[in-house]
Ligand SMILES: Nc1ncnc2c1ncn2[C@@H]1O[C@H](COP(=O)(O)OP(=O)(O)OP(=O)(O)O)[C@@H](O)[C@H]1O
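First, one chain by itself: the form predicted on its own, in structure tokens.
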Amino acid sequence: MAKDAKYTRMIAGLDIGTTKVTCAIGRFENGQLDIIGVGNAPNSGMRHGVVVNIEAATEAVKKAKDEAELMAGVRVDSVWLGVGGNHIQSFSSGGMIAIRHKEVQQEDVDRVIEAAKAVAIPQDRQVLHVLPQDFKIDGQTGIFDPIGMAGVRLEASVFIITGSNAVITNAIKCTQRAGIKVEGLVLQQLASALAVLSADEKNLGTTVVDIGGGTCDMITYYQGSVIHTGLLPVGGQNFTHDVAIGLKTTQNHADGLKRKFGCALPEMVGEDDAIEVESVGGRKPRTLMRRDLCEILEARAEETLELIHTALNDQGLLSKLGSGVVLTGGGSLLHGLVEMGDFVLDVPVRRGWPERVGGLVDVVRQPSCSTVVGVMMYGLSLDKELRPGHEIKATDWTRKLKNLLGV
């Protein structure tokens, strides 16, 4: 292929969340991922990241797909699908082989990874990802790219992520019923991390917390590798429910109040600020102080951040977070949450969203789009035509793709 030849790759991602489904269509050209279509639809068929109503989830997928196709002006035949939920389990493993030609080649790396993932997996589970952490050559540790190095014995440490066959099958079934083929699967929090983290953050150590509607999905990087995944069964719905109960209003109105006037730190709003609150059962609307709303959200925000802190502390991860914590997902948009996180977690906290993309940047550069953009980035990273060894390598697509992924 000529060095100045153009290569265009269309790709689509699907994120089936607890409260909404997001579908995005992108075009990868000249080393840049441009988002050309995004669709969203409310979803009532999921609970804590698991399908509980196939018909409702399928309908939401159809609506999101149709909206994205209409915006992009192209049809989608296949998507990369993000999966998550409390069924996800992960663990570390290791393997060792003899180096065949006294110098590590790609086939040696492939063999040692195969040896590392040769562990017993229950029949009701399947492997989603096998992520290399580091390598050893003849006892020499801390090697991240062993190809070309001399030695006799090669060892690998890998991080294996598995999921429930039944849960994953139901998510795939919803997608297929909507008329879309599933091209591949990716863990949702891994996708979010791909979209929002830089290489420096992965090396220094950071945890991404994707605050969705029903769950907080967590993934931790250290020295460039994934070392932990986790999930907390709390999310934006819990905030909304607290507001609905506390202010005696409907769930829909409570969600609107949370998004428009909510703040995790009451002292950040004016003492005289007032809001109009709808009543239930046809009663007249009431005027309440905005601080009443914020005090309700403050309690839930503090509890959620304390749960995150406890989860990280129990795993011994806090000391490894040189870059702190990155909050993403729709729930991270709550005003004041980052400032409270700095205090509760006692590490640097920032809000993350996809930055290394073009096209509809005003639409996708927001935390709620992190997962679906990361799903597409992961799909591109596995595209055989963009990987080393293909003739397209001559145009340096591999380097451009690594820049896109921040690795």
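Quick note: we count residues from 1 along the sequence shown, nothing fancier. What you see is a predicted model; the values in this text were computed from it and never measured.
Beyond what is shown, the protein has a form predicted together with the ligand; the following relates to that form.
Colleague: Taking the partner as it appears in the predicted bound form, which of 120-128, 137-145, 256-264, 319-327 has residues with heavy atoms within 4.5 Å of the ligand?
Modeller: In short, 256-264.
Colleague: Contact between Gly214 and the ligand in the predicted bound form at 4.5 Å, heavy atoms?
Modeller: So Gly214 counts as contacting the ligand.
Colleague: Does any heavy atom of Gly331 come within 4.5 Å of a heavy atom of the ligand in the predicted bound form?
Modeller: Close contact exists here: in the predicted bound form, Gly331 approaches the ligand to within 4.5 Å, heavy atoms only.
Colleague: Is it the case that Gly341, even though its partner is missing from this view, gets within 4.5 Å of the ligand in the predicted bound form, heavy atoms only?
Modeller: Output for Gly341 is no: heavy atoms all beyond 4.5 Å of the ligand.
Colleague: Answer for Gly49 alone: is it within 4.5 Å of the ligand in the predicted bound form, judged on heavy atom distances?
Modeller: Judged by the heavy-atom cut-off of 4.5 Å, Gly49 is in contact with the ligand in the predicted bound form.
Colleague: Of the options Thr162, Thr229, Gln133, Gln237, which one has a non-hydrogen atom that comes within 4.5 Å of the ligand in the predicted bound form?
Modeller: Of the candidates Thr162, Thr229, Gln133, Gln237, Gln237 is the one lying within 4.5 Å of the ligand in the predicted bound form.
Colleague: Give, in sequence order, every residue of 356-383 that has a heavy atom within 4.5 Å of the ligand in the predicted bound form, or say none if there are no such residues.
Modeller: Heavy-atom contacts to the ligand in the predicted bound form: only Ser368.
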